[in-house]
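This document starts with one chain, in the form predicted on its own, laid out as structure tokens.
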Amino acid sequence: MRIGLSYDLKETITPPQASCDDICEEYDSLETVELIATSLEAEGHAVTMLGGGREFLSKILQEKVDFVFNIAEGRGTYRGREAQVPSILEMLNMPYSGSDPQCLAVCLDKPLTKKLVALEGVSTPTWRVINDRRELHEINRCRSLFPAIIKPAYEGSSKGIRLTSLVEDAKQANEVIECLLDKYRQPVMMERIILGDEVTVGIIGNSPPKVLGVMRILPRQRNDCFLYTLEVKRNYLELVDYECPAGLEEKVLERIQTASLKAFEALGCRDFARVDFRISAGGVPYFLEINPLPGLGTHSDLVIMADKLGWTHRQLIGAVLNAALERYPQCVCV
């Protein structure tokens, strides 16, 4: 089969002046794109590089592909940016992997995602959205949220989540929120921190989706409240250990898996996703966010999880591709 690979490379993005140092964090490296292409080719497919942005627009009309394997994050800072490439593919009636535009747009909006997941009975930490500076005075009324983590409302890849994001009181919260409002030009979410383990869950498939694994992120230096921040992810080899399968009680693992699948299905995810939780002292998994377009590079959590479970990169990519192809039976015969 002729598969087009859509992606956004870090080196093709020109950050605006005075932008944040993590503005390109969600985009992929050439190494990751080549790794995915190699895994697809190992499955017997011919791969055409489509790129992203204007390059993608040009190539998708010129190249003859049967299917698109999509990892493109989209351009700009719009909360619907991950929906850009799938929307074009649907307009062209082109089959592709991963979630549809509506799901991708919803899941990048963290407060909206939490509202929808909570309606399905999944626990999530209490939160408050600060839309602009005019609402900063209301933080003094949010004492029940402290200690809290402050983060941009419409970002992925831990953008804007730093070691300074954990705040203990309204004064600290004001300082961090003001900074994020200025830098990211979008609403900011203040979320009560759950003191406990951080876990991430991989899901693959559709009818029904299945949990690939539950992975616990363990800091090498224990402290009162570990945060899986951008600094940690950039230096993960030295700062954390990944435990998969997670060494948690069976009943806790069952709760995590049940909550993960509820979130996946309620939000309309397809083919694969990764779900993040904090686990309370009582063993309750609290939903943080879901990534319906998780990274597939060597350093990505889903790939690390698969590796610890004995999967090769090729097997992981093959499983995602096969899940997508089940939705497009006309492609299987190509």
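Note that residue numbering begins at 1 and tracks the sequence as displayed. As the structure is a computational prediction, the values presented were derived from the model and not from experiment.
One more form of this protein should be noted, the form predicted together with a small molecule, which is absent from this view; the next part is about it.
*Asks:* In the predicted bound form, does every one of I23, E73 and D109 come within 4.5 Å of the small molecule, counting any heavy atom?
*Replies:* Heavy-atom distance to the small molecule in the predicted bound form: none of the three under 4.5 Å.
*Asks:* With the small molecule left out of view, choose which of I177, I203, I149, A263 has a non-hydrogen atom within 4.5 angstroms of it in the predicted bound form.
*Replies:* By the 4.5 Å heavy-atom cutoff, the listed residue in contact is I149.
*Asks:* Using heavy atoms only and a 4.5 Å cut-off, determine which of A105, V240, I193, L181 is in contact with the small molecule in the predicted bound form.
*Replies:* Selected option: I193.
*Asks:* If contact means any heavy atom within 4.5 Å, which of 159-167, 93-101, 135-143, 250-258 contacts the small molecule in the predicted bound form?
*Replies:* After filtering at 4.5 Å, what remains is 159-167.
*Asks:* Residue-level question: is E155 within 4.5 Å of the small molecule in the predicted bound form, judged on heavy atoms?
*Replies:* Although the small molecule is absent here, E155 would touch it in the predicted bound form, with heavy atoms inside 4.5 Å.
*Asks:* Does any heavy atom of C244 come within 4.5 Å of a heavy atom of the small molecule in the predicted bound form?
*Replies:* Contact with the small molecule, no.
*Asks:* Within 4.5 Å, heavy atoms only: does V303 come near the small molecule in the predicted bound form?
*Replies:* Judged by the heavy-atom cut-off of 4.5 Å, V303 is well away from the small molecule in the predicted bound form.
*Asks:* Examine L288 and determine whether its closest non-hydrogen atom to the small molecule in the predicted bound form is within 4.5 angstroms.
*Replies:* L288: yes, in contact with the small molecule in the predicted bound form.
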